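Let's start with one chain on its own, the form predicted on its own, as structure tokens.
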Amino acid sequence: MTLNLCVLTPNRIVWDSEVKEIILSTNSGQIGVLPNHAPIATAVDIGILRIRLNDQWLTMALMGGFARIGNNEITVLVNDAEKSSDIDPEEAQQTLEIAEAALRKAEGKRQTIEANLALRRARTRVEAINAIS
């Protein structure tokens, strides 16, 4: 038995096919979803989506949004998403270093909050590349 996973951003469909299992980062922690999972709607955190296709695991960086699970269908609506295979490792590492420097230089609450969000996004992209499959 499989699940139909659809990952959408405002601009494109990132994923739309059947999977065996997913592990999703939510605002209250990670949840694993297998076929016949109880219906749920949840907020999606900035984090990694792990996707199992048969014996292979793939990863995707998600940038926050919402997910709806029910009737063996998972719809994930996020601000942005990137498959780990589409992320350039050098660019991701450089972005992480820039985000770390911006946080060190941040002055005031607003700059600190924005720098922390940029750092979380940059870390997630690097983690997606380095995730153990």
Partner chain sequence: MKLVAAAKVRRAQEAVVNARPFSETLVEVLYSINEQLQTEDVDVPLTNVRPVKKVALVVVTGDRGLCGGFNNFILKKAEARIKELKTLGLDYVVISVGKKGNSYFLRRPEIPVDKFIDGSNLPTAKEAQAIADDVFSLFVSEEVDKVELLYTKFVSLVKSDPVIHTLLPLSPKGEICDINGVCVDAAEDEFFRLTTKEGKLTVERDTIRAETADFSPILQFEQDPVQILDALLPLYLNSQILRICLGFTIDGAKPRLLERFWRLLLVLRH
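Residue numbers count along the first chain shown, from 1. This one's a predicted model, so the numbers in the text were calculated from it and none came from an experiment.
A second form of this protein, the form predicted together with the partner chain, is not displayed here; the remarks below concern that form.
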| request: Would you check whether the partner chain, in the model of the complex, lies within 4.5 angstroms of a non-hydrogen atom from each of I13, S28 and I40? | output: yes
| task | Go through L53, L103, L34, L77 and name the one with a heavy atom inside 4.5 Å of the partner chain in the model of the complex. | result | L77
| request: Find out whether any non-hydrogen atom of I69 is located within 4.5 angstroms of the partner chain in the model of the complex, and reply yes or no. | output: yes
| query | Does I129 make contact with the partner chain in the model of the complex, using a 4.5 Å heavy atom cut-off? | reply | no
| message | With the partner left out here, check for me: in the model of the complex, does some heavy atom of R123 sit within 4.5 Å of the partner chain? | response | no
| field | the partner chain contact in the model of the complex: E18, any heavy atom under 4.5 Å | value | no
| task | At a 4.5 angstroms cut-off on non-hydrogen atoms, which residues of 81-105 are near the partner chain in the model of the complex? List them in order. | result | none
